[in-house]
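Take a look at the structure tokens below, where one protein chain is shown in two forms, each on its own, as structure 1 and structure 2.
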Structure 1
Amino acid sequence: MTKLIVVIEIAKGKITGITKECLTVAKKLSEDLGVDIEGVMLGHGINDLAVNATKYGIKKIYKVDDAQFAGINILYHTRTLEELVKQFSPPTIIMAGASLYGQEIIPRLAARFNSAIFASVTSLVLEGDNLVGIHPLFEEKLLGTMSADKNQMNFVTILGGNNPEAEIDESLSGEVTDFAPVISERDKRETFVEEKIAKVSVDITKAKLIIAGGRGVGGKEKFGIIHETAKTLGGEVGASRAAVDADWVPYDHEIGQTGKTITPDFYIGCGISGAIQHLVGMRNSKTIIAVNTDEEAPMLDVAHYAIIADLHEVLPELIKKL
């Protein structure tokens, strides 16, 4: 029987959002394959976190809990995961998020097992006897299709910002079993020193409503209307790269290829023309509203609703109505 394993990534003592997206993909795939989702978690002092993870629908978690895994050492993680995977016969699917962690771990494992890899796919589904993944190319101007036999060993990384995060179901539970770490002398050539978490002013990837401003806002002092509207609506502020490069708003708010990928319930783009670099970061928003004076702006091609008007006239009126 096929095994479906999700590598559970931890940051700041919590399961990462991209892992929760993986679990959403895994849930649909597990239903199609008729198998349970299993997981592997590596860290130190993670027993409670592992037990809690079963509430996401993971039936069995292989827990590697050791002081040597207090910080992320890629060689330690890769070696231990390699030994764990050796216990599984094909067909087995090993999945992780396409984070810096997942993109380090999964290709190394695929190479060690001389196996197929679905790299940075937005989805993974079963079609007949094959697994099929979609990989965006050229800033999503093209979508490539990857396919591999479901009956072999397959490794997968899932791109973030393309699937909803799995949610906890308190009625669910699963088994947590210990797996001993495996570290060779050769792996010790790399030593973990310390972990520093970058400080960010806001995490717009979690926002349900985002109002974003672009070059059309007209200046740093004029960006205040974007902040005021976001506050009034109970949302967060986003921005195009042009606004960030002009130092109108911090980088934490940038949406697009060089910024964040977002999937809010509501996205309101104000004074943003809609360059492809920005669109790839927000085009999966559930409802897109564009406010722009240019009827030919590319943003209008992806918008569900458009207001052809000056944002500095529209937003103050919106605030008054609220």
Structure 2
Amino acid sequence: MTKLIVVIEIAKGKITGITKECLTVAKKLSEDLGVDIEGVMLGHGINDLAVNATKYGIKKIYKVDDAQFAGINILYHTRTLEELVKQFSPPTIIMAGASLYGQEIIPRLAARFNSAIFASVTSLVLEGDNLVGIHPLFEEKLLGTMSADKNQMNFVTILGGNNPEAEIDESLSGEVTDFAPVISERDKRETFVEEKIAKVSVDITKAKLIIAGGRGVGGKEKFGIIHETAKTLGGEVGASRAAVDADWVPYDHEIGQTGKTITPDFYIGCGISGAIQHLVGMRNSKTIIAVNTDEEAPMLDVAHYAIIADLHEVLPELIKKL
């Protein structure tokens, strides 16, 4: 019988949203295969989280709870996951969200088992004797269909933003078993030093209208016009990572792969080029308006309307007219 295992990623003391999206895909697959979902969780002081995870319909959690896993070390994680997966014979499916962690650990693990992977797929379903997944190519301009025999080892990462997050069901429960960490001398070639993570206090995901600013805004003071426009129009402030990196606006406002996914009625992107990492966070907004001096900016590939002009001329004028 097939084993279906989800690697449960934890960040800031919580199961990540992208893991919950992955669990939604896993749930459908588990029903089609007629098997239970199992999970593996690595970290330190994670017993409550592990118990909590069973309420997502995971029947058995392998918990690796060890002080050496307080900070993420990819070599430690790979080795320990390898030992766990070695216990199972094919067919086995090992899935994770295609977060930055998932995209690092799953290919490395797949290579260790000499198995190919469904890398960054939006879906994974059973079709006869095959698993079939869709992988976007050319920054989503084309879709590739990938197919593999379901009876072998299959490693999978599920792209974020394509599936709803699995919901907790208090009536569900499952077993939590300890799995001992395995670390070899060679794995000590990687040492965790520190992690800097921004605090989040504002939630922009509920806003109906977002005015987002990017590097094109040109400075911290100049970012004032984005705030002013958002205030006048009754919207929230969004930002590209470049604007957040430059410290013009706090991380709470970041949109994209490493920020928030938003689907407001209106998204107005000002001085944002539209890198794919940004687009994945806002391309499902209902009406997208770009304000950019460059007509070639990739943002125009997803925008419905664009004004080709300096944002510092456009926004004050827009405020006046509304």
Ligand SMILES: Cc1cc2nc3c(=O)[nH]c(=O)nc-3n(C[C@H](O)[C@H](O)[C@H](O)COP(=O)(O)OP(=O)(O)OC[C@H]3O[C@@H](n4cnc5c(N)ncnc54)[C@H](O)[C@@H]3O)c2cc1C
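Numbering for residues begins at 1 and runs along the sequence of structure 1. Keep in mind that this is a model prediction, so the values were computed, not measured. Think of the rigid core as the biggest set of C-alphas that the two forms share within 1.5 Å after superposition.
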* Just one of these is the form predicted alone; is it 1 or 2? -> 1
* Asked: Aligning on the rigid core, do we see the C-alpha of Gly97 shift 2 angstroms or more between structure 1 and structure 2?
  -> no
* Core-aligned C-alpha movement of Lys208 between structure 1 and structure 2, 2 Å or more -> yes
* Asked: Is the C-alpha displacement of Leu279 equal to or greater than 2 Å between structure 1 and structure 2 once the rigid core has been superposed?
  -> yes
* Structure fact -> Core-superposed CA shift of Thr261 between structure 1 and structure 2, in Å, is 4.5
